[in-house]
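Quick heads-up: it's one chain on its own, the form predicted on its own, in structure tokens.
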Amino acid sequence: MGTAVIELDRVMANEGVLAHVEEFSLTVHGGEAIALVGANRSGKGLALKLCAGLAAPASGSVRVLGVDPSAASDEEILHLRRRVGFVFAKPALISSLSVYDNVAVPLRYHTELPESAIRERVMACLAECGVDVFHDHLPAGLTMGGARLVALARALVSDTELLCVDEALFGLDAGELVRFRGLLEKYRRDKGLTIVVSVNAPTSLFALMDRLVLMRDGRLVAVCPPAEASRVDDPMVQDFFGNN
């Protein structure tokens, strides 16, 4: 098993009144694919932000790629941001920039690549995500699924080591989901990418996952391989997998 990429130890955290996690512990190793699974307000979205170093715990400890984000210097945080790709449920594209320029942002801010190399890398990533034909469009002209694939391209265009995707199914049609799944498989196989996603419904993506992290009301219910999840003796889990 690879080096620990994410280490959450007895974490408690709140995000307003809508999301919280309590006594949440999880270790994710390099190259693993993990799904945080639960209904709305289960705490999975906040847990995902903790995994990416985007949320601070009220207590407990968080380490992402060996860094404690709450104690890191500005330089360490900047370096961490270069290594972690995050796709929000609502894609958070910059509305005034074209699709191309949105995806180029990480390379322009965090590398010294010449514009010719940036263009080659951006267009290749857009093509992989199936949205290269929209490279000169503004985000407002995209469907939700298209915008999410652009956001995925932006998260992958750098030398990303950890990819976190919130509400992985949101806004994707059947074809877009197939492409999304294929990209996760490819980057994990070819680059050893560590992947953490959150989902609120059973999905074919589970076939890619090493483990499912089942959550309810901010607490960890169970961690298990996908094949064993439907046998977890918990009413929420049984209802989630349609066993009742």
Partner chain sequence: MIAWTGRKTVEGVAYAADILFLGFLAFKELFSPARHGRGEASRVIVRQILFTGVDALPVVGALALMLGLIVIIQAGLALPQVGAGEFLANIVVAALVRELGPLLTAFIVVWRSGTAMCTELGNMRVGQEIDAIEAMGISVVRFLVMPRMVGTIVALACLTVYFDLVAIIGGFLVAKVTLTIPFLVYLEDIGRALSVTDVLITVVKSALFGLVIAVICCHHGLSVAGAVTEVPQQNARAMLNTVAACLVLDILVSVAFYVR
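Positions refer to the first chain, counted from 1. Remember, predicted model here, so these are calculated numbers, not experimental data.
The same protein also exists as the form predicted together with its partner chain; that form is not shown, yet it is the one meant from here on.
The contact with its partner chain in the predicted bound form, taken as any heavy atom within 4.5 Å, belongs to 97 out of 72, 144, 123, 97. Of the residues 112, 136, 159, 173, just one reaches its partner chain in the predicted bound form with a heavy atom at 4.5 Å or closer; this is 112.
Proximity of 148, 178 and 186 to its partner chain in the predicted bound form is absent: no residue of the three has a non-hydrogen atom within 4.5 angstroms. Its partner chain in the predicted bound form is not approached by residue 127, whose heavy atoms all lie more than 4.5 angstroms from it. When its partner chain is considered in the predicted bound form, residue 84 lines it closely, a heavy atom lying within 4.5 Å. Mapping the unseen interface onto this chain, residue 163 falls outside it, with no heavy atom inside 4.5 Å of its partner chain in the predicted bound form. Its partner chain in the predicted bound form is approached by residue 108, whose closest heavy atom lies within 4.5 angstroms of it. Contact annotation for 77 to 93: residues with any non-hydrogen atom within 4.5 angstroms of its partner chain in the predicted bound form are 78, 81, 82, 84, 86, 88, 90, 92, 93, listed in sequence order.
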